[in-house]
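Listed next as structure tokens is one chain, alone, in the form predicted on its own.
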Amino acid sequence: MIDFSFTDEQTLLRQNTRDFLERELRPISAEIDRDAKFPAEFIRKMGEMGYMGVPIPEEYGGAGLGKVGYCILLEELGRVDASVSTILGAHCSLGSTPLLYFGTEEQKMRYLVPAAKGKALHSFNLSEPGAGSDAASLQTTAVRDGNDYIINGTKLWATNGKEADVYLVFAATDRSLGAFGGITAFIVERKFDGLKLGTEEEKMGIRGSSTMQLFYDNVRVPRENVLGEVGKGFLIAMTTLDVGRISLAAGSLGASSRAIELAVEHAKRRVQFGKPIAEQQAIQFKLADMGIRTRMLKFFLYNVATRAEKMGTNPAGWSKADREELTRDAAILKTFASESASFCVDESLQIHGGTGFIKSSEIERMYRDARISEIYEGTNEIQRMVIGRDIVKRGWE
């Protein structure tokens, strides 16, 4: 039995985070979206206040607040600005988790500590022109050359690609071995010769986060920058995504909650047929459906986050059953959370009516931002494949 009550420390984290975001981020969120501007100054403030390393242990420069604490942070960010939530998720969930889980002590001290302290920004490079959902088909190569590896290839959809100091890159080291055995993870510094920035994508939503194409042109990476074991890169990527989907769901929970808040506020103000539309059954039923999904999501999210936290940060020590359970629950959670957020935002916009369709409205921005959650970090179609195959393999209970 898992107790879903939060500790005093976690409650204080939520309140302090909400106060900070409402004071510092909400006033500039519309501008960030309108100008498609990376909020460098705000990210710097987050680093100074320790938010860039919330789940990272104190010994590596973080706050040591674990997966639950990190989900609280992402939930609060999801209420305010999906762009910043995406920036932090790419940096922390995808860019720092692999180092924490698979890095050597030397790699953690060199790369994880600055990341946790907000002194360096990270990016996760897996997707390619021909390898999106089929991540195992990546074409980027890493060839051994003495004590180094030479990386060549193209990466797509690199969040934080323009601003990052460190890139976690996945490349084929032996295609004959396939995904499990033939792919390796590398830590690439921005200053390495041959790393070139491509086109920055102009996106429908999360416009404050940069999404770029990256070119690796004979990038020389020292052997000590191999992350984990040679050939274990695909396992590292999939483990990272499993863990990252939990906090992605937290952002979706925040968006769902905010959508309800905005819907209720508008419904109480808007008068039609002689009374606020909040008193109309049609509106109340919409609010009820939104509330049902959001309440269920909150309990499931913190259930999975608590269990993931108890598993620890050494995947080598996880049991086979725990790993399989995490993979399935993360897939269920990501799918349910992203679709719940899309549903709640859509219903909230409907309650707003024409007001919600206006470009300057908060719910219009949320509508555009929410859509990506059903696509990135593994499309919901792929998540359903993972869930369905696991049910066939292991049964349901």
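Numbering starts at 1 and follows the sequence shown. Predicted model, so just to flag it, every value in this text is computed and none were measured.
The form predicted together with acetoacetyl-coenzyme A (CAA) exists for this protein as well; it is not shown, and the discussion that follows is about that form.
Proximity of M385 to acetoacetyl-coenzyme A (CAA) in the model of the complex: non-hydrogen atoms within 4.5 Å are present. Taking non-hydrogen atoms only, G132 approaches acetoacetyl-coenzyme A (CAA) to within 4.5 angstroms in the model of the complex. Contact check for R270: every heavy atom lies farther than 4.5 Å from acetoacetyl-coenzyme A (CAA) in the model of the complex. None of the heavy atoms of T184 is located within 4.5 Å of acetoacetyl-coenzyme A (CAA) in the model of the complex. Only one of the listed residues (V264, L235, I277, L195) places a non-hydrogen atom within 4.5 angstroms of acetoacetyl-coenzyme A (CAA) in the model of the complex, and that residue is L235. Out of the listed residues K298, K117, R323, K203, R323 is the one that sits within 4.5 Å of acetoacetyl-coenzyme A (CAA) in the model of the complex by at least one heavy atom. Proximity of F180, L241 and Y376 to acetoacetyl-coenzyme A (CAA) in the model of the complex is complete: all three residues have a non-hydrogen atom within 4.5 angstroms. Stretch 156-164 is the contacting one of 302-310, 156-164, 142-150, 103-111, since its residues have non-hydrogen atoms within 4.5 Å of acetoacetyl-coenzyme A (CAA) in the model of the complex. In the model of the complex, no residue of 256-289 lies within 4.5 Å of acetoacetyl-coenzyme A (CAA) by any heavy atom.
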